[in-house]
Each structure stands twice: as C-alpha cells, then as structure tokens.
Ligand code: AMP
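Only one chain comes next, encoded as structure tokens, the form predicted alone.
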C-alpha cells in the first residue's frame, strides 16, 4: 500500500484545547429499549414520570396493631390499655377490616392500613393475648403509617435522562412497573495494539520481546466505561498488516490504537490511518504522560491513537477516551469525580505540560491526602495498580510542594484513615 509521507511536526496542542476538540465531536448514540433486568449500568434516555403513587396505598411500617390513637392515649406499662382484637391484615391483603373504638387489628409490615385506623402501635409496645391486646405505650395519629405517595407522587419526575442506572434506579423503575426502559446504545469500541516487540500473553519470552499488556488494560478500561469491545489483536510494524486490522475496525463507533503514533522510524500507525481516510483533528497534546496523542475521524468512527507506553496509554484513555465513551452513551456527567487532596510529599513534573501524577489517596479526619506512587516511568504499569488517583500539576509549574492542595481525579475509592496512603 502507499502511505503519505510523515508530516512535519505541528505545534503541541494545549491540553484544554485538545479536550475541547475531542468533546466537540461527540453526539450521543441511538436509543434502544432493553429489559429492566438488563438496564443496570446503562444510561437512561428518557425522563421517568410516576404513573401512580409510590407506595400506592397507606401501609404499616412495622409489625403491630392498627388502632385509633385516642383509644391508647396515656397508655404505659403500669397503666396499659386493653383492646379487643377484631382481625388481622397481612401484606397483600385488602385491609378492609374495620377498627372501631375499643378495638385493634393485628397488622404486619407492608400490609394496607384499615381506612378506619389512624395509627399503628408497634408489636414491642404490646402484650398480645388470644382475643385481646394490652397496649403499654401511647401513639399519635399517623405514627408508623407509610402514606400513599410518600416516596413519589403520581405525575412526579422520578429519574432524569442522562442518569446512569444503578441498583436503586432499577428498583425504582420496578416499583412503577417499567418492564422495559429506553437507554442509549453502548459504543462499539475496536482496540488495536501495535509493535513488533509484542508477544501474546501465552507465548514464551524471547530476546527483544515483551508480552503485550495494553490490549488487556485497554479492554478493561473500555468495559469499565460501558463500551462493547472488539479486539483487533496485535498489529505488526508493517503497513499492510496494520491496514488490514484497521479496516476491520472501521465499523466501530470508536477505534483505539496503541503505539506507533510518535516520531520513531517504525511508527507507522498514523500514516496508515491517514491513508485509510483519517481526518486528523489533533496530534500531540501538552500533557504528561501522553504527549503523542492522535485524534481524528474516519467517517462516523472516532479514532484515538494512544501512546504505546502502558502508563501513558492508560492516562490518555482516562483523560480523553473515557469521557467520550460516557458521553456517547448520553451520560450527562461523564467525568470522574475530583477532590482536593493535601500532598504528603513533593511532586515534580515537566513545566511545559499539564502533569498527571499517579497518587494514592486516603481520607483522614483532616480531609483527603495523597502520596505519589513510584516508580515513576511511563512503562511501569504496576504503579497503576496502586494508584487510585491522578494529581494534576498545571502547566507552568515544575513542582508541587508537600502540604499543598492539588486537584486529584479519583480512579477508585480512597483509602480510609487507618490505611497507608503510600504504595
């Protein structure tokens, strides 16, 4: 195949400008309807309005007796009130037993409250007998009654579009009878790692070779972001092999390559992508790690060319690819959470670029603290195992001092106070 000559270096794109360029290309994907049991983790594509009150009827919060509050006024263990038990209401019953003055109805948690009762006496406040109950504590009107519509009123908005559905969300949808729900389609993401030095995970090591890890880290990151993975395997530093594999990824919503986008003599990926019709929107970003980022479009497919160094690849994914995958799914909050954390040690970075330092974050009584995870090289993948955050040092600064507050992008849960913030 014929590939275009390598382009002259272009100015490095400032980080904020690179973010703007990438985000401006994103439009949420199509909407599809799925069964509620398959909706966990999907992004809601419609506003959900309650068709009826939740709960739909007054019900008891506790096991006990439905009574008239006036009948048990002043009741104490020393001066109990005795009432005739005229019936029982269990969960699922109609609750059509009448409570008159001097009577009580045995009631179970979740059972409908008889319309004539105005309060519940919990079982622990009584001494039940065969046909009578001794009430040893007074109650007040409405006590222990969960009112119809207390959770949600009919016509009230329950969930907004753009929300990622969790366990509680799916439970809420079940409570109003939503057997199916409209959600945004998951993005199809093709991943191609490249390099003549790479071996499959089961191959024996040989001189000059390493086992490929980026296809596994990227696969995990894609799935964590909600994407559907297509693994294009390991591409060799051969334009014909790369072209064949890239052609297989043209129908994906997002194509991610790893390696071969820097300035080396064997970095062929960018040229092959350009020959395949890539509209290049940026190359090289003022970020550390992750400077040699390539981004563009091939038709409807968004293309990210990530660096080959494992840490650079993962950090680039977090900064640029993950928010795109979340936004494609209609997520209105595609960013990772951020906190302010006090540094336990100083951190340095390249002054000319925005630096994302791998840190271990912990929560203490005085707030969040963070310590850099070492070793620092962009090939030291194990540091990402222990890092649960990326501390940001802005451009124009070469050092952040111990005791300083920095913004940290959380990659996982912070440690608790009794855990070590170091790795």
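Since the structure is predicted, the reported quantities are computational estimates derived from the model, not experimental observations. Residue numbers count along the first chain shown, from 1.
Form predicted together with the ligand: not shown, discussed below.
Peer 1: Within 4.5 Å, heavy atoms only, which of 210, 100, 86, 174 is in contact with the ligand in the predicted bound form?
Peer 2: Of the candidates 210, 100, 86, 174, 210 is the one lying within 4.5 Å of the ligand in the predicted bound form.
Peer 1: Go through 170, 309, 288, 301 and name the one with a heavy atom inside 4.5 Å of the ligand in the predicted bound form.
Peer 2: Result of the distance check: 309.
Peer 1: Taking any heavy atom pair closer than or equal to 4.5 Å as contact, tell me whether residue 214 reaches the ligand in the predicted bound form.
Peer 2: Taking the distances in the predicted bound form, the answer for residue 214 is yes, it comes within 4.5 Å of the ligand.
Peer 1: Taking 4.5 angstroms as the cut-off for heavy atoms, does residue 257 touch the ligand in the predicted bound form?
Peer 2: No, residue 257 is distant from the partner.
Peer 1: Does any part of residue 315 reach within 4.5 Å of the ligand in the predicted bound form? Heavy atoms only, please.
Peer 2: No - in the predicted bound form, heavy atoms of residue 315 and the ligand never come within 4.5 Å of each other.
Peer 1: Does at least one non-hydrogen atom of residue 138 fall within 4.5 angstroms of the ligand in the predicted bound form?
Peer 2: Contact with the ligand, no.
Peer 1: Tell me which of 102 to 110, 117 to 125, 190 to 198, 277 to 285 has residues with heavy atoms within 4.5 angstroms of the ligand in the predicted bound form?
Peer 2: Partner-contacting stretch among the options: 190 to 198.
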